[in-house]
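Below you will find one chain, with nothing else, as structure tokens; this is the form predicted on its own, and questions on how it binds or moves follow later.
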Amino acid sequence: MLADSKTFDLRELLRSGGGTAQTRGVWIALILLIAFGLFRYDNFGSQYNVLSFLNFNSMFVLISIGMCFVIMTGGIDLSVGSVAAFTSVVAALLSSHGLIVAVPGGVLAGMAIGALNAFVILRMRVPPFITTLATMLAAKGGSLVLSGAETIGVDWTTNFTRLGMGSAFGTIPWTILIALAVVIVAWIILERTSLGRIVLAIGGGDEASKLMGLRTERAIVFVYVFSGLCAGLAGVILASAFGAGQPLEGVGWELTAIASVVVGGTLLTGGVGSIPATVAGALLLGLIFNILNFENGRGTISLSAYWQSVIRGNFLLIVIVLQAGLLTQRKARSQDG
């Protein structure tokens, strides 16, 4: 499975996120925004704010990583937000059995929905957009049925809440370490294995990949199951961190994931993608809202939470327009050449 015998290098992981102008741009924007926050706000760089920010955004990093793999194949997964809500309910219902049952139960529920997506796309030849739209609605309905349209409190007498509320070494939240582990594994798969090359090849041209003898169907199954796994894990963290399974949560999470992936330089048409840059994109979007909260606290502005959707939507639109312009320029240059 491994493409070569090179050893894992964290520095190379960071370098792999800066291959194109757009991926370099997201890192520059993230650094500038962090510098702005440190300069303007007294407690911006405090341990509490940094860990709270990373803890909360670990869920969005997870679903963005899963979405990145899907989009690199030229597909889309609109179900991730509803799957996260569904798995949060599943995990909450299983929380009386502790972490050893609730965590695998929630993750497996997400993977099952991902496997269903892959089956419908491959065997029934239904486009990913329609397939995942249907499973989005099904997962949303399923979470409401299981919960009776109410939040489901977790069992506080077990160790389930340690995942979302506990810390390693008394300092770093487990959620951050889990998200970091998934990021590293995802990067290794994409950059170091033949599976990663097949994923990119499918996005570059599915039919051409099949003619080359590549096992494209296995790769497509992997990306949707992996996306379900990431969404399921995000849902488990949601239930553990907030003490309840929340069937009405997850609305718009798929758009946040898509925005993070696209901002990170992954083409919506597939064939190009970066795990580190996707993480940077997710953190950049989260940091924008973190800074807005600081501004609200200073009384400079007064924006409700609804403005987050407005900002996120416009931000995504601008990036897509810029991406389309870059693609047009590349095609023009290739035709002239």
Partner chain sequence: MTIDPITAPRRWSLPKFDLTTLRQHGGLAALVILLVFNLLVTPNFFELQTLFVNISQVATIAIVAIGMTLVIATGGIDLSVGAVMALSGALAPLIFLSPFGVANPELGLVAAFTLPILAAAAAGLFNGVMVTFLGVQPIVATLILFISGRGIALVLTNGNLQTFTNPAFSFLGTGRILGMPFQGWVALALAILVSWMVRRTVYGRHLLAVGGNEKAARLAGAPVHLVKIATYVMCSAMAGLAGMIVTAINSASDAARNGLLMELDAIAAAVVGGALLMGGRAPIVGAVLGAIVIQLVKFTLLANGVEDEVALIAKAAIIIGAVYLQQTRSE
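Positions refer to the first chain, counted from 1. Here the structure is a predicted model, which means the values were calculated and not measured.
Only in words, not in the display: the form predicted in complex with the partner chain, which the text now covers.
- Proximity to the partner chain in the predicted bound form, taken as heavy atoms within 4.5 Å, picks out 258-266 from the listed stretches 159-167, 88-96, 258-266, 104-112.
- Residue 153 falls outside the set of residues with a heavy atom inside 4.5 Å of the partner chain in the predicted bound form.
- Mapping the unseen interface onto this chain, residue 52 falls outside it, with no heavy atom inside 4.5 Å of the partner chain in the predicted bound form.
- In the predicted bound form, the partner chain sits beyond 4.5 Å of every heavy atom of residue 225.
- The partner chain is not shown here, but in the predicted bound form it comes within 4.5 Å of a heavy atom of residue 307.
- Checking 134, 244, 180, 221 against the partner chain in the predicted bound form, a heavy atom within 4.5 Å turns up for just one residue: 134.
- Residues of 223-245 placing a heavy atom within 4.5 Å of the partner chain in the predicted bound form: none.
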